[in-house]
Structures are given as structure tokens and as C-alpha cells.
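First, one chain by itself in C-alpha cells, the form predicted on its own.
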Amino acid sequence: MKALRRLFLIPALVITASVAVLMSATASAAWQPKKPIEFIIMAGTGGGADQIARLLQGLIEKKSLSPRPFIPINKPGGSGAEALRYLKDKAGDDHVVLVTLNSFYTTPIIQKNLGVDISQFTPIGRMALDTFLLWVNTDQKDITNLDNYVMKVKKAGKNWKVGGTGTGQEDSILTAMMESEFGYKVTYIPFPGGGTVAKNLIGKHIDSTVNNPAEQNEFYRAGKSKPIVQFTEERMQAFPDVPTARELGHDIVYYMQRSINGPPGMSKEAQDWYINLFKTLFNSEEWQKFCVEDGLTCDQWVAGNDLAAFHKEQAARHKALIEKVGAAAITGQ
């Protein structure tokens, strides 16, 4: 009888052990991408968003953080409307993520027929808060501070050309804020991306711009462009000698979020995988060094539900901002 009991006991133990191994294997086999990931950029080539996306792509590859490659794809059309609509139409796809700007908020507000509700997107992580400075060509010797910049712009009127990246984009909002603050009107000229804007400033096809540091740094370091004022709460480490607008008595503070988001209906497993990946990148020495050198604020990791709350707050802020300065001022109509 004991022998018979041992006969049944041994297979039972084998089955139990097999189940335990299977459960362990299933638990360790967390979600991973099964094909290349579309890394959508809602801006043109050469701009801040494009540079950031390609830096992140390179770090992912260098650190072997993904079994499948990230493929950067620029979709700048309609001030980011093309990218937003594309992401919405990719609902449920775990292999698409978007690098955002503040047009993530403004474009759906201004383009009411776009049919995009950003609260439906899957929040992954905020990589940085990017900054803005007022830039002119170094050949403009008579512009050395904000006061003589404003004086020259007022004298030129609509003949003063400010370059930007399009209707409803961050620089068009900041340009409208400056027009409201200083009581002048300029001609706003849109270009496909921040990199193109920077080149046109150096080529003297425009008179000024409020580019991000990453878009101007190459020319700044070469001595071809100069910053006049920065629109941050405090002076950035990268530009210690450039005053803030607030220091000069003008309460103009404006940041641009750089975050990663997925389409509506992304699986929780995929969302968690992306959050872990981008958190690793956020904490990397390479990313933190880039933030300091290029004037980005990267002191707080915000992800998942916290990022969703941040988006909600910023969307409301931008709606109020657009109402304050007027959509017509931003769109140039």
C-alpha cells in the first residue's frame, strides 16, 4: 500500500514542480516589443524634439535597452496635428510612441475639428522641461539687451520678422506674449522646424527668434547668434550671464514639456515596459549631462498617472493663455 502511495506521490510532485516552473517562466516573460517601435516626432528635422528623439534612440541602442529598434519618424504637418491624428488612429498599438511638445496641448485647442482628445493617450514619462531664450544674429551690434531690442522692434513694426515653427506652436505663443507685454506687432514667419529657424536667423532671413537652446547652441558656440533674455524662473547654468525676463520686470515665464506618450488603449504591460525604459534613460549620466549643457530642466521624473495629471493641468493653462493673448495673435490671422 505504501509503495502504491509513493507511486502516485512522485508524479504529483513532478506535476507540481512543473506548474511552479511554468508560472515562474510566465512571470519573468514580461512584455517586450515584438517588432520595431515607431518613434513619432511631432516636429520637423533639426529641431529640439528631433534632436531629443534621436539622442534617446541612440542611447537605447547603445545601452541595449530594447530587443527591437526605435525608428524616428518626423510628422510635423499642421503644427503637430499630423502626429496627433496618427497616434489617435494607432489606438491599441503597443509599438508606437510619441515625443511631444506643448503643441500637444495647443493644436487640439486651436484646430477644433482635429478630433483629438489628449486625455485618451497613454502617458509614459516626462523627460524634461525645455526652455526658451530670445535670440538675434551677432551682427546686430546695436542689440545688447532687452530694452534696445524692444526699441528696435517698435521702430521696425511689422517689418520685423520673427521666425518660428508654426501656428499654435510654443514660439508663436511666446511671440504673442511678448507682443502683448511690450505693445508692438511683428511679422511671424513659420518654418518646418526649429533647426530651420536657427539657420534662417544666421542667414539673416529673419531678425529674431525664441528658439530652444538645443536649436541655437551650435551657432551660439560658433559666435553667430546671441541670447538676449531667457524666459525661465531663474538663470540657467548653461547661460549664467543672460538675465531672465522676470529679473527685468517682465513676468514672462514659459516652459515646454518633452514627454513620451502612447496611443489610446495601449496595454498596461507595454506602458509599464516603456515607463521603465525611459526612466532608465532619464536617470542616465548621458541624459542628465545633456540637460545641463543644453539648458533643460530634468530634476524630476514624472510618469503614468502623474504625467496624465500634469497634462490635464497644462492643457487648461494653455487654453487660458490662448484666450488671454487671443487665438488670432497666435495664428497670425
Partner chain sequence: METILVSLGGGLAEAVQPLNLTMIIIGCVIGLLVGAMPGLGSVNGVAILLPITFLVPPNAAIIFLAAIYYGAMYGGAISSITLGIPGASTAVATVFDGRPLAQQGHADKALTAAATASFIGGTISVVLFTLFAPPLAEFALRFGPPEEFALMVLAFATFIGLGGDDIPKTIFSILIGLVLATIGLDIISGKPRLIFFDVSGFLHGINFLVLAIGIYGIGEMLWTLEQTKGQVIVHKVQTSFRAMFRNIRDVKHYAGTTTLGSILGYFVGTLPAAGATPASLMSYGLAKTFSKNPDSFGKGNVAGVAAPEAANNAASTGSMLPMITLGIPGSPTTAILLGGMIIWGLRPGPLLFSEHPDFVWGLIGSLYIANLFTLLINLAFIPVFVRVLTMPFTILAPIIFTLCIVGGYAPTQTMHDVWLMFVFGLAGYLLRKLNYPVAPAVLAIVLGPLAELSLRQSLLASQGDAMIFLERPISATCIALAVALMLYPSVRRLLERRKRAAATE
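Worth saying up front: this structure is predicted, and the values here are computed from it rather than measured. Numbering follows the first chain given and starts at 1.
If you look for the form predicted in complex with its partner chain, you will not find it shown, but the lines that follow are about it.
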Its partner chain contact at Gln237 in the predicted complex, heavy atom, 4.5 Å: no
Is Gly115 near its partner chain? Define near as a heavy atom within 4.5 Å, in the predicted complex. no
Indicate whether Gly77 is a 4.5 Å heavy atom neighbour of its partner chain in the predicted complex. yes
Contact between Asn159 and its partner chain in the predicted complex at 4.5 Å, heavy atoms? yes
Can you pick the one in Ser180, Asn200, Gln120, Gln140 that has a heavy atom within 4.5 Å of its partner chain in the predicted complex? Asn200
Residue within 4.5 Å of its partner chain in the predicted complex by heavy atom, from Tyr86, Tyr184, Phe231, Tyr149, is Tyr86
Are all three residues Thr100, Glu269 and Asp272 in contact with its partner chain in the predicted complex, where contact means a non-hydrogen atom within 4.5 Å? no
Within 4.5 angstroms, counting heavy atoms, which one of the listed stretches 254-262, 141-149, 190-198, 239-247 is next to its partner chain in the predicted complex? 190-198
